[in-house]
Ligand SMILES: Cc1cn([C@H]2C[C@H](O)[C@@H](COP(=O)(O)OP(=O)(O)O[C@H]3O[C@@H](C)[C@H](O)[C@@H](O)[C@H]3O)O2)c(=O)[nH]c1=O
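To begin, one chain is listed below as C-alpha cells, in the form predicted on its own.
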Amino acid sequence: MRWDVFCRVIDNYGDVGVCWRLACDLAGRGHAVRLWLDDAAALAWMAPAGASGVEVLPWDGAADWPQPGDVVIEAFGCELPQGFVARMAERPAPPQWINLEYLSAEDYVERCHGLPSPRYVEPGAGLIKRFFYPGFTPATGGLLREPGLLEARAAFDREAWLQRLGPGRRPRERVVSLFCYPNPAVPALLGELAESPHLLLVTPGHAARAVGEALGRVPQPGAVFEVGLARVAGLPALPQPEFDRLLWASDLNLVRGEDSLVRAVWAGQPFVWQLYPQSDDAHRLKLEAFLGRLAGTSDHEAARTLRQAFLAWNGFATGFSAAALQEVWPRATAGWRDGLLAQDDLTTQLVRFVSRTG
C-alpha cells in the first residue's frame, strides 16, 4: 500500500521522531511512504541516511497535491491541507483516513481507539476519519516496535559502543543518560551521582543547559569532565538508531516525551520519564495514569518508591533519588514489560486496522 503521513513539527522533535519511526517501519514491511513535513530540519541529524521506501516531501501549502495514497495519516491532529482532502474525495475508492493520536495511559484511550468521525462539510464530505490511539493495553493500538529490535538489543556490545562513543566506561562506573526538558531536579541528580563512580551521558539542548546551570560548565560534545566521583560527557545529537543504543548502554535512562519513552521501555533498563510541562498541569493526569499501568503488578513499597521518583522528576514532589529508583525497578515493573511485548506492535495493529475498515 501507499501511505501519506502528515506531520507538523511543533517543538522538541517528538512528533517528527514518532512519524519517522512509523514511516521507516512501514517501509521496512514493504509499503511505500510519503512523509509530509512542514519542517524537516531535524531529520538532518535524526536520520541522516534516510530510509529506503520513505520519501520526505515539504508540507508548504502547495496547491497542486498529488493523488493520495491508500492510507492517509494525520499525525497528532495536525489537520490535513484542504486541497489534499479534496483530492482524497476524488479517488474512486477513498483512502483510509487515520488520526494518529498521542500516547497516553489514560482510560479514555481505550474508549476512543478506533472511533469514526464522519466529515459532513466540503471538501471531503462523506469521508470518514478514524482515531487510532497508541497505548499500553490490548484495547489500544500498542507501541511502535519494529521487527528485529529486541534481537538487536540482545546482541548489543555495550562496552564496545561506549568506547566508540568516546568516554568508554571505567570499572565500577554506572552509566546514566540524561535527556530532559527544563527540570528542577537536575541539581539533586548531579549531587547524588557525584558521590559514587558514574558516567553521565548528557544530550544536547535542554539537558546540557540544565547541567551547565547546575555546575557552571556546559557539557560539550566529545568532551568529558569530572564532578566528584562522576564523569560528565557531552553528546552530539544522535541519529535514532544511536539514541536507541544510548538507552541500551545505560544503567538508568532519564527520558522525556513520547518517542523516547517507548524506546526506554524496549531498552529494558530502569528509567524515569519526564512529560512535556503544561501550564495547567494536565501532564500530571497523564503521569498518574502511566504510573498506574507501570506499577500494576508490583508490591506496595516498590510502587510507592517508584511513584515518588517519577513525581519528583516531574516537579510534583521533592527528594528525587536515582539509586532508590534503580533498586526497586525490578520489583516495581515485574511482568509489565513482558505484558507489553505480548501485544502486537503499533504498525502491525495499524496495518490490520486499515485492512479491516477499508
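Quick note: we count residues from 1 along the sequence shown, nothing fancier. What you are looking at is a predicted structure, and each value in this text was computed from that prediction instead of being measured.
Separately, the form predicted in complex with this ligand exists; it is not shown, and the next lines address it.
Between the options G142, P239, P81, G168, the residue in contact with this ligand in the predicted complex by a heavy atom within 4.5 angstroms is P239.
Of the candidates V56, M46, A303, A324, M46 is the one whose heavy atoms come within 4.5 Å of this ligand in the predicted complex; the others do not. Taking the partner from the other structure, this ligand in the predicted complex has a heavy atom within 4.5 Å of a heavy atom of R256. Proximity of D15 to this ligand in the predicted complex: non-hydrogen atoms within 4.5 Å are present. Not displayed here, this ligand is approached by F243 to within 4.5 Å at the level of heavy atoms in the predicted complex.
When contacts are judged by a 4.5 Å heavy atom cut-off, S260 counts as touching this ligand in the predicted complex.
Contact with this ligand, judged by heavy atoms within 4.5 Å in the predicted complex, is confined among 109-117, 210-218, 177-185, 145-153 to 177-185. Interface residues of 265-291, taken as those with a heavy atom within 4.5 Å of this ligand in the predicted complex (partner not displayed), are limited to Y276.
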